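A single chain comes next, written as structure tokens; it is the form predicted alone.
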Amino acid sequence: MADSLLKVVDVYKSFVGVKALQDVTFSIQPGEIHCLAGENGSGKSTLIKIISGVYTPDAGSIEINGRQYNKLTPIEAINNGIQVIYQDFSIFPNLTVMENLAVNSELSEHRKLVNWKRMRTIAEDAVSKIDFDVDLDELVGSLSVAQKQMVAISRALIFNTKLIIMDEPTTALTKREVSNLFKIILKLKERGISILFVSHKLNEMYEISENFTILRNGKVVATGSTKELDAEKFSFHMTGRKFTKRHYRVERLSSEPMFEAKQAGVQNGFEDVTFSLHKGEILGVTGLLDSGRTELALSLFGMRPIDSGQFYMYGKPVTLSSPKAAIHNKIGFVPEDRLSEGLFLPQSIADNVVISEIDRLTKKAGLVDKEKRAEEIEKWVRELAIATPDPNNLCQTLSGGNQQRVVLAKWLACNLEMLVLNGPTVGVDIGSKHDIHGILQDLAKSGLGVIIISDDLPEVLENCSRVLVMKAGRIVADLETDKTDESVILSYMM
């Protein structure tokens, strides 16, 4: 075997007594695609920062091309060919593509005057390495997520890059964009560049990586060839738990629909959409990014009121002209971007849980009933198993899965009849994903009508009794999930 490009040897790191990493050891060969997996809080981010020189390990060492570093600095990491592409890509949205690509080179060479011709040459060379077709004069802030990622990759390749660390690179990408990203990664591999692909998605690990390392509670619990891994082993290594695969079956379906859409449409979104939802049913809606599924989700919550057709609740016409109107009709909505749309992150967990029912908890004098508020908070933290030592802690201290539970708690406290979820487990680790699915299935069994809008086909097939497939703003198929599979759904989507 060739000498390793990178070796992490017996690395240990703690923060104020909390053990973030313990005796972590693994290696990456030149030109290898290695997947680093683990749930939120497993130590992945800490390990990335140690490899890139941001953190210094308390014990252990990093070896790069055979040279040992007990204390690696960020500059030394970069000079050794290590680049990190974080989830936010660390780019400047108010600068052009050219400026984003060339600025680091200009700074590293301590240039005092801007030479636009030189900067354009640097940028053109960078994008040509991955055949990235983009207007160099366009502001990065106006690009799509996938294009921003290509900018970040192009910028990483300007230097003598030998290892690129990609932190959850597919979180906000569509299936087509993920496929394009994987093609780029394989091109980089052909050039001898190693990739440390950080993810918690088994299908991605199978598709792109040769070897894997899984962290749990700061320790390496499994490492080896991806070919030796299956879904059951992966889930167990990630969580320490064994899951029973379950498919949701409706036990008590109401005879009459609780909600109906008849020939509903919204300009530049969708048209002629007709479907029904019964109490106790979990209905799936899937499709590609431009299929109209997101616009439908927003219309069901009054954020994009329909301009044709009609919605009905229990056979009576309803006008969902605003979120307030939707809430009045006991409809809740869990958005795809919980960080900016679903939660007040700087506020406490407790405040986020009760915010939607604050009127009910307020006395006539205008003061909040502290006893009732405390009871509600305790109830939902317990029932949804929100992992926190204190509900008064800030919501931003929670993992992604627990933040999603807070969003659910916020709506369930309103005594809903219908809940719409857009991408309910985006960015959620495998254990929390399984738990959230269980919560949704239990809610449906209790009589709630649930609509899951997702492009995660295994999620749809496992949790929904029926799935609507959308394409170009129309419903092109209405399928029973126990009589179909991913390939059939994809054939309608494509």
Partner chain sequence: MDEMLKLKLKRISRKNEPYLFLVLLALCLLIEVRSGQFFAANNLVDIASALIVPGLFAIGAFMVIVSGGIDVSFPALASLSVYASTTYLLSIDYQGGVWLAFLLSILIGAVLGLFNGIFIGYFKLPTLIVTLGSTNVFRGIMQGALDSKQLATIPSGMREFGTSALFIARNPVSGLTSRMPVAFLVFAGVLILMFLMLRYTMFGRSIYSIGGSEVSAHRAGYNVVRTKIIIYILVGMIASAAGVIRVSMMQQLHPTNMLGMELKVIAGVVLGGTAITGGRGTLLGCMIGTLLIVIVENSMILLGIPTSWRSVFTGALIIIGTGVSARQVISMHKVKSRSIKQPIRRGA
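Everything quoted here is computed from the prediction, not taken from an experiment. Numbering follows the first chain given and starts at 1.
This next part talks about the form predicted in complex with its partner chain, which is not shown.
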Looking at 137, 190, 256, 230 here, can you tell me which has any non-hydrogen atom within 4.5 angstroms of its partner chain in the predicted complex?
137
Checked 307, 272, 210, 290 for heavy atoms within 4.5 Å of its partner chain in the predicted complex; positive is 290
In the predicted complex, residue 476 touching its partner chain (heavy atom, 4.5 Å)
no
Indicate whether residue 104 is a 4.5 Å heavy atom neighbour of its partner chain in the predicted complex.
yes
Its partner chain contact at residue 131 in the predicted complex, heavy atom, 4.5 Å:
no
Partner proximity in the predicted complex: residue 281 to its partner chain, non-hydrogen atom cutoff 4.5 Å
no
Have a look at 84-92, 178-186, 219-227, 311-319 and name the one stretch with heavy atoms inside 4.5 Å of its partner chain in the predicted complex.
84-92
